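One chain follows as C-alpha cells, the form predicted on its own.
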C-alpha cells in the first residue's frame, strides 16, 4: 500500500518562525497599547470634536491669504530650495568618501558613515530646535536645519549610486593614465548623473513638506503663521493655511514628476 504524501506549503521550522513573528507583533502591540493609555471617552467623543472643528474652519478666510500667508509660503519654498542646494554641496564630498570603490581608507569611511548616520538619526524638528537656539528664530535657522537633515539622505544614496557604477570605463581611464578628477568626471559622473538629479529632486520635494512644519518651532516659513493661528484659535485662517500647504505640496509633486521624466 502506497502512503499518500501530504503537501504542505511551509515546513515545520518555517511555520514555527512565522508563528514567533506574529506572536512578537502581538506582544509588542499589547505592550504599546498599555503604554499609550488610550482613554475610551476621548475616542467616543472624537467624531463630535472633528465635526465641531470643521464647522469652525468653514467658511475659510480667503482674504487672509494675501496679507498673512503668501509671503510666508514663498519663504517656505526658499527655505526648502536653499537648504537642498546647501545640502548638495555638503553631501557630495561625504558621499564620495563613503563609496567603497573610490575611497579605500577605513578611517575616511568611518568618518563618512558617522556624518551620514548623525544627520539621519536626528529628527527635523530636533535640528530646527537646535538651530533656532543657535541662530534665533527665522528663515536662517530653517535653512540650516533643512540642509543638515538632508545631508544623510543625499549622501547615502549618492554613495550607493557610485558603488553601483560599471568599473569598465573607470579601468580604461586608469589604464590611459587619467588623473583622479578625470576619472570622476568622465568615468563615474556620467553613470550617476541621472540618479543624482533624481535624488536632488526627490529631496527637494521632501524638504518642501518639512519646511512647512519646522516653523512650528520658530524656524521660519508658513509653520510660524500656522502656529500663531492655532494658538489664537483662528480656525478659518488655519483652514486657509492648510489648504495652501496642501496645494503647494501637490504642485511640487507634479513638478518633480514632470522634471524627472525629462531628465531620467
Partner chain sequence: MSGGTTTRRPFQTNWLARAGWLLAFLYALYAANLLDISWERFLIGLDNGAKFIGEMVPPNFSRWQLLLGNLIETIEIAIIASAFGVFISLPVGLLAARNLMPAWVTWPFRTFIALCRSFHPVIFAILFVKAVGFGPLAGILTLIFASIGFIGKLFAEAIEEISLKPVEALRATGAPFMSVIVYAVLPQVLNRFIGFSSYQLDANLRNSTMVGIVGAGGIGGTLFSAFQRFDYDFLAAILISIIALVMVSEYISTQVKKVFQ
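For clarity, a rigid core is taken as the largest C-alpha set superposing within 1.5 Å between two forms. All values reported here derive from a predicted model rather than from experimental measurement. Residue numbers count along the first chain shown, from 1.
Unshown form predicted together with the partner chain; subsequent notes refer to it.
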Which listed residue (82, 97, 165, 90) meets the criterion of a heavy atom within 4.5 Å of the partner chain in the predicted bound form?
82
Residue 184 within 4.5 Å of the partner chain in the predicted bound form, heavy atoms:
no
Classify residue 228 as contacting or not contacting the partner chain in the predicted bound form by the rule of any non-hydrogen atom within 4.5 angstroms, answering yes or no.
no
Although the partner isn't part of this model, could you tell me whether residue 252 comes within 4.5 Å of the partner chain in the predicted bound form, counting any heavy atom of the residue?
no
Using a 4.5 angstroms cut-off on non-hydrogen atoms, would residue 101 count as touching the partner chain in the predicted bound form?
no
Answer yes if the Cα of residue 67 shifts by 2 angstroms or more between the shown form and the other one on a rigid-core superposition, and no otherwise.
no
Taking the rigid core as the reference frame, is the Cα of residue 23 displaced by 2 Å or more between the shown form and the other one?
yes
Does residue 14 show a Cα shift reaching 2 Å between the shown form and the other one after rigid-core superposition?
yes
